[in-house]
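We give structure tokens for two forms of one protein chain below, kept apart as structure 1 and structure 2.
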Structure 1
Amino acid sequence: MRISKQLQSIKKIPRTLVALIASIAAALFFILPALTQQPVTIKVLIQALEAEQLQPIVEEFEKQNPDINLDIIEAPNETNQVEDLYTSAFLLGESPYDLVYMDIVWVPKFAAAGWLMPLSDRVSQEELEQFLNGDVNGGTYEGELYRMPFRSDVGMLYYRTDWLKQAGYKPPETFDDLVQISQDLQSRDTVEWGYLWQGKQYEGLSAMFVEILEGFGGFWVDPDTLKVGLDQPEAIQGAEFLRSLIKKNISPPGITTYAEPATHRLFINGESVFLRNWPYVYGLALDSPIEGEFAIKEMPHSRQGSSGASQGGWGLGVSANTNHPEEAWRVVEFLSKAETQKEYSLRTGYLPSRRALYTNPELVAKYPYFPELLKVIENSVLRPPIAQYSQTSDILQRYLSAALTGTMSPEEAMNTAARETRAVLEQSK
């Protein structure tokens, strides 16, 4: 009897109210779990300096993607230390990082080890064509894309326009031109040093030497055949050329201890005619005593070789053992898109990896040299994209350093480097 009365009372409730109650109940059924669900956390390890620079981008990403928490773990600013941290994390088992922020030379090693997720099926060829060729090629291993480009980098020649003009010289096209101009201006007491470059035993030495190899028509390791060219005449000539710069006092004796900062400081202080370095120096020199008195161009070369700019740059790969591949890819997409790269470049001066941004009006208004940079960066060369790159680079650094410091002759050093490189490659087979 009680039940029938309850049913009668329910029948008296307006149908619209019943429908409203039902709608609210359904909404709560579906929405409450979403509201109580915690955002997915995507972790990535990045150098402390750049992690700070990326913070505004992280905030914007999380604003547009409230279901993802992008957690940047700060790492040392030394590139080699960051690589070691990533390597250790993967070797110890399940890496805690969902994304890998990679220097271009890490890609073959990480991909060959199975630490990265292939990305080719996530991005169209049409989309990839919007990026600089060197950046895309540097993110590819054995035909598969493993790293999406974020920011680019490339080696180039800086020179003093005022001194060359006063002495009646055009910018050097060949190594001979560079030597002649340097020695002439030094003999006039215009400047103390002719040419500055990175001669310290570290990765920067390898990056610089690929430009010398290209300039003499030589090669380091052919990635397709694994043929080694360090003991070929062109490579030996390259080592002899660098050694001669020191012996002739065109470059300072201490050049064998110089990395990028030491060389750019000397150039900006007016102590050298020429400098080999990366694009970051341009921004520093614009706000220095040599403002308006310098320019950039592609690297010089020998008469039998061609100009080549060492390709650098950073990008993102997805860890093969991430539990959140779709969310990780959304981060990669966000950092790879044109608007993100433009805003980051405007804030930092770093080079974007998208070709069209080098002529973007906002970027060119702030960095008038970007169109010039595009000419240089389109002429880039890669360090050997092989899985054993770390070992081969270490070998080259040690023996090239021995040649530069005079503890071995350039020929002996290059022959030994070639022999040890072949042994590493053969062992890996």
Structure 2
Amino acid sequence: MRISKQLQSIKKIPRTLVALIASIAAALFFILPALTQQPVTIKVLIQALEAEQLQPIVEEFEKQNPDINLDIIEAPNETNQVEDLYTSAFLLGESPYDLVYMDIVWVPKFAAAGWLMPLSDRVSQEELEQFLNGDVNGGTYEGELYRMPFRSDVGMLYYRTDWLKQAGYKPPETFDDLVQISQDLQSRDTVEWGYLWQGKQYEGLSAMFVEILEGFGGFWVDPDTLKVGLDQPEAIQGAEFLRSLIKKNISPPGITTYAEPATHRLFINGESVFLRNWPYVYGLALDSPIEGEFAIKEMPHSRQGSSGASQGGWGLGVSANTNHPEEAWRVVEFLSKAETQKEYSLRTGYLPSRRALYTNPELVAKYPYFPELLKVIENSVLRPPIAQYSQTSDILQRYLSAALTGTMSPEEAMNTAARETRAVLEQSK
């Protein structure tokens, strides 16, 4: 009896009130959580200089993706230091980074350690073919893609067109040409230094040395057989050549402490005829005292070797332990897009990793050498893509530096480097 009374009273509740209660419940369950949801934060560690250059891209990304907060943590500018920071974060367990902004040479180590998510299923073959081969190969380990290319990089020779023209020289083809032109212009008091390159003990030294090795017809480590070539005559000649540049005063004695920035500053200040560096310098030099007075070309070589361009470059991997793989991937897609790469290259002079952009009219108008450079990049030399790369590179840096500073003879240094490299590779077989 009481129950039926209650039912009757419920029936008396006006329909409109029921509808109102239902809408409030729906709001509580569905709409409110969506409104109050915080954006997902995606963290990535990037060298300070580039973090700043990427700022407009981050802003645009967040505007188009309001549910994602892209948080760039600034790192030191040298590649080894950033690699160490990522490595210790991964070794400590849960890495705080959702994305890994990677130098091309870190990929095998990071992939072999299981720190990266495989990406092949996320990109079609057709899409990957739009990117430069060297960048895709450098992002692949044992057949799996772990790093999407963002910007490419390749070593090249900068030279002063005005001084070469005045003295009646063509740009150097061989190392001998480079030495001869340098010494002649230095003796005429045209310029203080002949040739600047990265001689400090760090990764840039290894990146530059692969060009010298290629130029003399030598090799470092064959990635398939793990054969080591550092004690071969060509490699020793390469080390001797660099040491002789310092001894002959073609390169300043302080070059054994110079990374990329120190060398580009001297060149831009008009203190050297030649410079070996990456393409970012072109953008800087366009807006500098040497504007209109410089050009670039492939690296010179010895008579027996051929021109070698070291393949560098940066791209994004997804951290294996991220809680937000989908959001992290959306960032990767945004940076890989042709539009983003074009805008970034126009603004900074960095090389895109998409092949078609090298003939894009806007980019060619600003960087007329892009179509030529494409050929150089397609024939570039990779530092050995092996999981033990960073140990191998440390050994080379240590002994090459000993040869450059004169604490060891080039031959002794290269023999020791070869022996230690073999020991490291042997251990991991």
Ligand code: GLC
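Every residue number counts along structure 1's sequence, beginning with 1. In this text, all values refer to a predicted model and were calculated from it rather than measured experimentally. The term rigid core refers to the most C-alpha atoms you can superpose between the two forms while keeping them within 1.5 Å.
Participant: Is the form predicted together with this ligand shown as structure 1 or as structure 2?
Facilitator: That would be structure 2.
Participant: What turn in degrees does the smaller rigid part make against its larger partner between the two structures?
Facilitator: Relative rotation between the rigid parts: 14 degrees.
Participant: In Å, how far apart are the CA positions of Gly114 between the two structures with the rigid core superposed?
Facilitator: Looking at the C-alpha of Gly114 between the two structures, the offset is 2.7 Å.
Participant: Look at the Cα of Glu52 between the two structures with the rigid core superposed and state its shift in Å.
Facilitator: Value for Glu52 between the two structures: 4.5 Å of C-alpha shift.
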